[in-house]
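This document opens with one chain alone, in structure tokens, the form predicted alone.
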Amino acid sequence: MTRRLLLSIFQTLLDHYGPQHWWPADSAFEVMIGAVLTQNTAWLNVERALTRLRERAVLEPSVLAALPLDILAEAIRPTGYFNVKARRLQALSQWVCAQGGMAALKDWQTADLRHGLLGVHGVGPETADDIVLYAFGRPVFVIDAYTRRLFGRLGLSVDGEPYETLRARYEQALPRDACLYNEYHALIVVHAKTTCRTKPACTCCILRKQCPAAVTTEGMED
């Protein structure tokens, strides 16, 4: 039932919103940088910071790894927490260089790649999985606040479940398909931003018939 429900939700979202073409970037390394920058900020701010980094011609692992922190921090100022993120970006860039660069990392097994990323300063499970999925095209299911909100309301998770528990559940239920996971995560984000918000717009939700929370809300409204 979980597999059928998850695939049904995906198809409903895809039919309504269409393909999202994630992750927008010029290179796999840029995806990695964006995954760090997007922590605790809106994507518009990330785009501004990436533009500033492109203008400075520093979106290469070796260049970013050697860039003075104050200059890097100023470049990514639009994303907020820029001093913290500058240190995280430099740690990530230095790690990439230490492993032999992006080309070498592409040959790593998915589990080893994820484990290595989790050892980098400032890279937690969500950021690591963003990178593994969107930069390297590996089938890992990203769990973020939007996923927890939507799937919680749909009865597919409960509050407080550990990240790894949820990730394993959805990966076991769904086909191991990076393209599917890529599109699914993007669709969850757009739906959570437009409809399944903190205060949900249940009356216009395309998933209303599948959502126990929407039925409850309807009953309360009555």
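Not measured: the values here are computed from a predicted model. Residue positions are given as counts along the sequence shown, with the first one as 1.
Not on display, but discussed next: the form predicted together with the DNA.
- Heavy atoms within 4.5 Å of the DNA in the predicted complex are found in exactly one of 166-174, 37-45, 58-66, 151-159, that being 37-45.
- Using a 4.5 Å cut-off to the DNA in the predicted complex, not one of 18, 25 and 136 places a heavy atom inside that distance.
- Contact check for residue 99: every heavy atom lies farther than 4.5 Å from the DNA in the predicted complex.
- Residue contact with the DNA in the predicted complex: residue 50 places no heavy atom within 4.5 Å of it.
- Using a 4.5 angstroms threshold between heavy atoms, residue 178 stays clear of the DNA in the predicted complex.
- With a 4.5 Å cutoff on heavy atoms, residue 123 counts as touching the DNA in the predicted complex.
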